[in-house]
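Consider the single chain below, provided in structure tokens and representing the form predicted on its own.
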């Protein structure tokens, strides 16, 4: 293997001089005007607007509009967008029948990926140079993804999906379809803000997957399906599920320090801590923590929050000097748990939010498209001579 370690952390091919950066770490792959992150200061902005301001003043659909179209909507634009999303929440009975054939034991992310891809069969016209087609595709995906997540949850329980209610706003309607009861206004508002916090985060793995797929000029349903498949991986989505499992394993606040020391000694990852972009506490985690406390004041305390706070305090002295602090996953699971969302739906809920960011990057990719085709560093055999089969030795087992 003709590679040599570099001081930069990458590897350089001895013959060609090409440097390899595993995972494209620190390698700019595109230009984007959608989202900016300052990991040293803990700042996150959508189209230049600080997340803290959006979380107080905006809504998920207004934020989605901002991300996708580049500017905050006027009152008329927002009303029209909200109305269009509301009118497209329902899915074809054929999609529901397809979902009824999925195994009840299947993971909801697999069901969502399959269902998102299936939408492309119903809207198969690929007119990506038509602004009207792009707008309608955006509306359909934002509208129907929550309906399909909620539908699979009820179908796997042996029940028929609940139809959307036109009198309920976006987030309240999803909670209604999921739990079969109209949510408390505070719960719906906090959930809507959670969606805003997860809507976009620069060129993460699923967004990069979306842009690579978009660069082939395929349809937006395939773009979203590919991103969902990437988000399903345990190194990307699903960490908030693991945080809850970790907190349950710790059990009580007084055990947090011992758990942390043991995990550090064994070099195990502390779930919900650390982020490739941030060297301070994730600003989304700061906002989510305030949501947790607001919900507990209204709906009752969760003892796992005490465990989480103790773990964060213990980690501050041990991990803080290394730039490892709580990320967005550390507190989001506690919010979803209090909202009554099943644990294996945490990542599909992530997808409901992130579809706004994926579509923003899809549209941006179309604006100055060039198909992604990175190079590689070859580390295989040098040219060899063909060997007849009767002269070959046994190959090593795969």
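Since the model is a prediction, treat every value here as computed from it, not as a measurement. Residue numbers count along the first chain shown, from 1.
Keep in mind that the form predicted together with ligand COA is missing from the display, and what follows is about it.
Residue contact check for residue 283: none of its heavy atoms lie within 4.5 Å of ligand COA in the predicted bound form. Proximity of residue 96 to ligand COA in the predicted bound form: non-hydrogen atoms within 4.5 Å are absent; the residue sits far from the partner. Residue 271 belongs to the set of residues with a heavy atom inside 4.5 Å of ligand COA in the predicted bound form.
Remark: residue 234 counts among the residues lining ligand COA in the predicted bound form, judged by a heavy atom distance of 4.5 Å or less. Of the residues 171, 147, 327, 206, just one reaches ligand COA in the predicted bound form with a heavy atom at 4.5 Å or closer; this is 327.
This chain is drawn without ligand COA; in the predicted bound form, the residue among 156, 89, 193, 275 with a heavy atom within 4.5 Å of it is 275. The stretch among 314-322, 117-125, 251-259, 104-112 whose residues place heavy atoms within 4.5 Å of ligand COA in the predicted bound form is 314-322.
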